[in-house]
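Take a look at this single chain, the form predicted on its own, given in structure tokens.
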């Protein structure tokens, strides 16, 4: 601990310390509080820390400046969650009684179902799962009620509609919250190929019967697939915290663990489950049954690949010091991004896609540079 204090948590493990051992926060010095608040805000976990402190009844024991940051974070989270609830309400209103099975995913599901990951959780979009045969009519309904496509490039439209597991994102200009409409939980060209019909069949109704959420084991598996195969680790630690919450909450039910492994095996998702168990335990000290960890080990990669993944995941999950960015982290993010596309596409398609995206980024930079030059005249 003293070594970490002297080097300013350049690693930085201060947020992991606060998440694993919340009581340690009460002994933090002013400089440590400053770093924790900055790192937690960057990782979208400031609201979560505020909830932890609130639930422990220690909010009033904090320095006034820290208390103000936490209270502001709670207000911010409340606003975003209310916005998500309203977006879902508007979607239901647009359907006007049409019989479309809507399964909420990720943040929206946690909030509407009142699950532990919703505590202090921010979300920037609403994710829905809709049967593939209803995608076109559902999308047209939203477009007719004012939602607009976020991805306007012809290539992006074709990419989503031909190869991906979701439509191009939609957003209503009056509200701005993105709506992502999925028809399964992994890209059509992915090496993972879970059966979406099973997801719909076993989903669970909410109080509002027009809405459903995935059953517990599918909710966990989708979270694991999203984190360890989509390749975007911008909110990686937050998503890992979600998984730890789900394990703790659903794991209280006697049959959950057996059903989880069985479902992962039948849906071909043992690899993402293995990673979810491994890294929630290693980084967040999640308490998991040894038998389940061993069973999920069937999905483990070879030794060299696993050692590489350990290094990459640690590099992207342990937040960096805002004042001391690490090249290792940037390199790890790039490698995981390439890995996700390798898992998502056949080699020929992957090369074509990456080349296309590189050309598009080059054109965008050139356009921005030209606009800036014209504006400075």
Partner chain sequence: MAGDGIVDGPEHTEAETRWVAPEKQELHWENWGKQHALYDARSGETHLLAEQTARVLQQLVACPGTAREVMEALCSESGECCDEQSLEHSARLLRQLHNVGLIEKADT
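Computed from a prediction, not measured in an experiment: that's the story for all the values here. Positions refer to the first chain, counted from 1.
Missing here is the form predicted in complex with its partner chain; even so, the following discussion is about that form.
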item	value
Answer range among 214-222, 93-101, 237-245, 290-298 for contact with its partner chain, defined in the model of the complex as heavy atoms within 4.5 Å	93-101
4.5 Å heavy atom contact with its partner chain in the model of the complex for all of 132, 200 and 203	no
Residue 89: touches its partner chain in the model of the complex, heavy atom cutoff 4.5 angstroms	yes
is_contact(residue 210, its partner chain) in the model of the complex, heavy atom dist at most 4.5 Å	yes
Touches its partner chain in the model of the complex: residue 82 (any heavy atom, 4.5 Å)	yes
